[in-house]
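Here we start with a single chain on its own, the form predicted alone, put down as structure tokens.
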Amino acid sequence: MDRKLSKHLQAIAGLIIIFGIVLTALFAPAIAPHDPTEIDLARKFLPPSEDYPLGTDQLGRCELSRLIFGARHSLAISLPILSILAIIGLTIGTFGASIGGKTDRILTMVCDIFVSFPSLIIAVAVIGILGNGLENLSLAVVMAMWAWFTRTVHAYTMVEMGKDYVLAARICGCGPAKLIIRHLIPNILPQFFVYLSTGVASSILMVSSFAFLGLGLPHGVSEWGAMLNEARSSLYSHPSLLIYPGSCILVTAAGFNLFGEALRDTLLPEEETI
């Protein structure tokens, strides 16, 4: 697989973008030329200069520094959310499909109910009840997206349940827990990794969307969606303040999607013609 990915130009392009964003997030304090939270109204809307390469925003804060720290905030919020979604999806999806019967029908029905509502509506309702905050934002995104991950895993597991190795394992006395851990999860992981890699982009976009609407994040946090929200009032006078964070979101989402598509072509080549 490593050799195939190393020859896949799409995978290389995606990995370069991903590593660039991750390294930027990790070394943000060393890279950023200024404190992203430092306010100086006397320097607001400064044009790009040697001291401020991308200029300053409406509060005199360094735009480049806020973009750099925005990578840290966006990934620090999105990746843990995605990990929680992966655990929930693998646990509930494989359990329901392997157990079957009434339990599976109930779980499927609950997932269908959540999927029938737009994710934004569910998240807004959760944040409206619990209030703003990183923890509440994370919970809102998990509540909005868990059913999609669970249904995907459930579909993968149902395909595996019809294969001979599952029947052989059951004949040998393999219980539900052992069947899930030793047989089902290892066999659906390649497909799930593909789904997960593209899910990173979806998670980042959703967090940024909520931040753009002023939901979840504390005021002044240098997250890309929040920066878009703060720059709306300067749309016509200083459009670059919207272009910069919007471009960061676009490039990051594109990087994960490019890698996810390449990973699918490598791990699941039989689906290319479907």
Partner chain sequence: MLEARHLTKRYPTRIDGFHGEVAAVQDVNISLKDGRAYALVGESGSGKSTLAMLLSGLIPPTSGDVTLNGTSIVPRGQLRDKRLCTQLQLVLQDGKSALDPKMSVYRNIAEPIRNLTPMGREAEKAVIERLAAEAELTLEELCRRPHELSGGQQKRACIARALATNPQVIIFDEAVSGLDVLIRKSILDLLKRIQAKRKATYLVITHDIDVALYLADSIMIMKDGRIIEQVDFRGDFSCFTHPYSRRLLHAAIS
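Positions refer to the first chain, counted from 1. Note that the structure is predicted; figures quoted are calculated from it, not measured.
Not on display, but discussed next: the form predicted together with the partner chain.
Among the candidates Ile121, Cys172, Met109, Ile129, the residue which, in the model of the complex, approaches the partner chain to within 4.5 Å (heavy atoms): Looking at the other structure, the residue within range turns out to be Cys172.
Answer option from Val115, Leu79, Leu167, Met143, heavy atom within 4.5 Å of the partner chain in the model of the complex: If I apply the 4.5 Å criterion carefully, the residue I get is Leu167.
message: Under a 4.5 Å heavy atom criterion, is Asn187 part of the interface with the partner chain in the model of the complex?
response: Output for Asn187 is yes: heavy atoms within 4.5 Å of the partner chain.
Partner contact for Ser98 in the model of the complex: the partner chain, 4.5 angstroms, heavy atom: Looking in the model of the complex, residue contacts with the partner chain include Ser98, since a heavy atom lies within 4.5 Å.
- prompt: Is Pro176 close to the partner chain in the model of the complex, meaning a heavy atom pair under 4.5 Å apart or at it?
  reply: Heavy-atom contact with the partner chain at 4.5 Å: present for Pro176.
- prompt: Would His183 show up as a contact with the partner chain in the model of the complex if we use heavy atoms at 4.5 Å?
  reply: Residue-level check for His183: yes, a contact with the partner chain.
- prompt: Which single stretch, out of 147-155, 98-106, 194-202, 129-137, brings residue heavy atoms within 4.5 Å of the partner chain in the model of the complex?
  reply: The contacting stretch here is 98-106.
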